[in-house]
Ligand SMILES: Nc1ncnc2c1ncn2[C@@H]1O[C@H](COP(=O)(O)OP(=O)(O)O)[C@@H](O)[C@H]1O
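This document starts with one chain, in the form predicted on its own, laid out as structure tokens.
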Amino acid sequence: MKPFEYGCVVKGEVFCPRPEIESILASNMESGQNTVVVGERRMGKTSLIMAAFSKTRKCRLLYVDLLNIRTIADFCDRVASAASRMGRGQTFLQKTLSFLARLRPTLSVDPHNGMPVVSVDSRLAENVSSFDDIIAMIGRFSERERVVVVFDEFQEILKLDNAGQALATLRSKIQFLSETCFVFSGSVRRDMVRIFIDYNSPFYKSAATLTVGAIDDDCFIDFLQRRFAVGGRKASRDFLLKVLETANRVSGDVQQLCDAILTETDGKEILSSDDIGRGIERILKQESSAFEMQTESLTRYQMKALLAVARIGGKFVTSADFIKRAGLSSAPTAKRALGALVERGILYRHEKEYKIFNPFLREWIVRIS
């Protein structure tokens, strides 16, 4: 096992524990308290959810990744396939198919991992009435033991053409499943707020909220020191504070940078601040093509706004100073450009500040300008 892992669900020794929030979430799962888990991308939400579930007793997990769904049929397919993998044996799979009989499910095998894939007839699952069958199936699974349903990237449901009706129907069905716990995880804060905090939303105040932010510095540093030790390196507290700052304290980015540093310091025992630069250079070499693709279609004003955020930060973006230093013509132009960058997933807003999702993209932009 590598000392550092990122870009996937991590567990065991490569997962940095968060005992307090794990305990709260595990307790909610066991008691049936529906929960919203909100945090920016790469903060480790999914790994945290899995760690919390591992602490529960007599619960079964139904994990559904909703990233990039576009239709209700997509939603139903994701839930159906996830359900088919909940248990072992042909009997469990047959039950899944029988529960969805009205939607005419078909069974295939994923050629990459050999796992069963259940799909429903898109013509029968094209409207919200198909939620009746999907939620009823989940209810049947919950008859013998509590089922914890994790809807990851739940904000994607807002991309459906009839999102409002879909949310209202889902809420009306879910509220009757008292033996089922739903965990709604999302990485687009404004959309999750729209679903769970907006007074006019069907899901308003329907679940407890847990925010996954940066890991406490002391806990993270202790964890990173142990992982570097596994790789034969000694990392001081000051060194690791610089690593955390460089990677914006985002868990996945921190581990990516640490992995790059480890690779670039083969044969070295004690790490120094220069090694952070070596790690960044390695990442930029690996990802420069992806960064080029991500920014090549940006307009001139969008690129100027992005460069300004990278260089001077994303506060006070309508001020005369920001507009002048960015080379933009007016405050409305700045707001339109920044808004477009948020829609593209390059920037996000946090506490009235625009930030670049990827700290290594920020470094790349500054270097090429």
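Residues carry their position along the shown sequence, with the first being 1. Computed from a predicted model, the values in this text were never measured in an experiment.
Below: the form predicted in complex with the ligand, not depicted.
Just one stretch in 212 to 220, 190 to 198, 271 to 279, 173 to 181 has heavy atoms within 4.5 Å of the ligand in the predicted complex, so which one is it?
-> Of the options given, it is 212 to 220.
4.5 Å heavy atom contact, M43 to the ligand in the predicted complex | Yes - in the predicted complex, heavy atoms of M43 and the ligand come within 4.5 Å of each other.
Is the gap between C16 and the ligand in the predicted complex 4.5 Å or less for some heavy atom pair?
-> C16: contacts the ligand in the predicted complex.
Can any non-hydrogen atom of C8 be found within 4.5 angstroms of the ligand in the predicted complex?
-> C8 belongs to the contact set for the ligand.
Looking in the predicted complex, any heavy atom of G252 within 4.5 Å of the ligand?
-> Yes - in the predicted complex, heavy atoms of G252 and the ligand come within 4.5 Å of each other.
Which residue among T35, Q302, T56, S47 has a heavy atom within 4.5 angstroms of the ligand in the predicted complex?
-> The option sitting close enough to the partner is S47.
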